[in-house]
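For reference, the chain that follows is the form predicted alone, supplied as structure tokens.
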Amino acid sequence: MTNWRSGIAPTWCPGCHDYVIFAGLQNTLTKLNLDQDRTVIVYDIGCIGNMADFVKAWGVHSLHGRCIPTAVGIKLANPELNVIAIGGDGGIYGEGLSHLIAAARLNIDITVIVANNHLYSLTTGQSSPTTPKGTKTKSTPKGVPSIALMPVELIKTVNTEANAEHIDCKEPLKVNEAMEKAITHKGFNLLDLEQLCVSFGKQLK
């Protein structure tokens, strides 16, 4: 059985749902028995990007918002590889939104996993594209003026053939099932994982 853990202990805040995503990915990669030498994971910047240190697989720690074009380039260079992109709602839906849409339109066979806590949490809780309208954060003291992005609906509008799901990390078994479905589905995949930032998420209430 392939060992997908690097041996470096995760360093997220206690109770962070990134642990659920990490465990789900470990379980899924093991269950699917993917070839470790033919699996590449591209990580965005942010809390979830720290997973680059914890997973024993070929990986690229990309620039903020650029994990998807990097993943697309890898898949185009070698279509036989299993390619996964992992990032947060800030990087994927903010800086990287145009890349997300382009990849979905291309219907390229990669899986994009988003840790969506509705904030830029690594930088201590500024509003992100999925922060609910009206929410007061440290960057929007008078409330977020914009309508929150709806990722799954957006991707299904762009590409009706894409696999796009929203799952709450409070249901880890469903996270595992959704990851398996996404990684095995041929074509573009978006897995939007709802989570609460235990350090800065209180301002969302």
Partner chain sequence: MILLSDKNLSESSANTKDFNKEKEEKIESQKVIPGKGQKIKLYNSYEHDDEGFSVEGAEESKKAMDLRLSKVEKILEAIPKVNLYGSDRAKKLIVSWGSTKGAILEALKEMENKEDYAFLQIKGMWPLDPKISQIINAFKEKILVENNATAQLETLLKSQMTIGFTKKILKYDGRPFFPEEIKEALND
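From a predicted model like this one, the values you see are computed outputs, not experimental measurements. Positions refer to the first chain, counted from 1.
Although not depicted, the form predicted in complex with the partner chain is the subject of the following passage.
Trainee: When the partner chain is placed as it is in the model of the complex, which of 56 to 64, 144 to 152, 163 to 171, 25 to 33 ends up with heavy atoms within 4.5 Å of it?
Mentor: Residues of 56 to 64 come within 4.5 Å of the partner.
Trainee: Residue-level question: is residue 81 within 4.5 Å of the partner chain in the model of the complex, judged on heavy atoms?
Mentor: Residue 81: contacts the partner chain in the model of the complex.
Trainee: I'd like to check something about residue 101: if you look in the model of the complex, is any of its heavy atoms closer than or equal to 4.5 Å to a heavy atom of the partner chain?
Mentor: Because no heavy atom of residue 101 falls inside 4.5 Å of the partner chain in the model of the complex, the answer is no.
Trainee: Taking any heavy atom pair closer than or equal to 4.5 Å as contact, tell me whether residue 38 reaches the partner chain in the model of the complex.
Mentor: Within the cut-off, so yes.
Trainee: Can any non-hydrogen atom of residue 52 be found within 4.5 angstroms of the partner chain in the model of the complex?
Mentor: Residue 52: yes, in contact with the partner chain in the model of the complex.
Trainee: Just give me the single entry in 97, 72, 122, 106 that has a non-hydrogen atom within 4.5 angstroms of the partner chain in the model of the complex.
Mentor: Filtering the options by heavy-atom distance leaves 122.
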